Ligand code: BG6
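Below you'll find only one chain, the form predicted alone, shown as structure tokens.
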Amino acid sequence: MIREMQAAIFDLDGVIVDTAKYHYLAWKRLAYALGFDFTERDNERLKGVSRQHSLEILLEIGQQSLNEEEKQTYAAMKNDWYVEYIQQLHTNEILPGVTDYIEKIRNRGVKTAIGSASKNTPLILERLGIRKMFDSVVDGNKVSKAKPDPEVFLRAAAEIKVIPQACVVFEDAEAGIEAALRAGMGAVGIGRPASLIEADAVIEGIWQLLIL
């Protein structure tokens, strides 16, 4: 599957860079502002989920109810805090093996794209200095449907002009794996096999692919 792929589509958070810690800090800060605690275990439920859906999960955890205007206000507040945190991003936070592997497959003629729910993707790529490594970047600013809907991956494939069946998605979230499969693409899970059971293959990190 990986050897034959014509395009590789990467999720951003947890695959290219570990921004999960910054999301967690921002959501925890919001929960505190709303009067309840938010744990790392709770945070696992937010992986690969859009900002608005994440807020709904957070409110469910805290047994809170907000009107739509309040939801928009708190979602924006969380994002402001997150953007504040990711201003600290440095190239040394790119996950092991990522740049080497992307350079390796690009040299083989494989096209590369980002498929992420994050609307902050352009800022993160700019901070890391790696935008030029991707032929296309599709994020929450370009799509309206969150994973597990396959829209983000199908749009990435369309932009790089590769049929879905020739694409492989690299994802760390169950919702992202489901989206890849629904798009008709191969799916490589990054993380623990127990939480990514639908993936075609599961690895600890991109660094493991350097030997292929």
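Each residue number is its position in the shown sequence, starting from 1. None of these values were measured; they are calculated from a predicted model.
Only in words, not in the display: the form predicted in complex with this ligand, which the text now covers.
- Remark: all three candidate residues (Asp11, Val49 and Ser54) come within 4.5 Å of this ligand in the predicted bound form, counting heavy atoms only.
- Looking at 92 to 100, 105 to 113, 126 to 134, 74 to 82, the stretch with residues near this ligand in the predicted bound form, meaning non-hydrogen atoms within 4.5 angstroms, turns out to be 74 to 82.
- Contact annotation: Ala117 falls within 4.5 Å of this ligand in the predicted bound form, judged by heavy atom distances.
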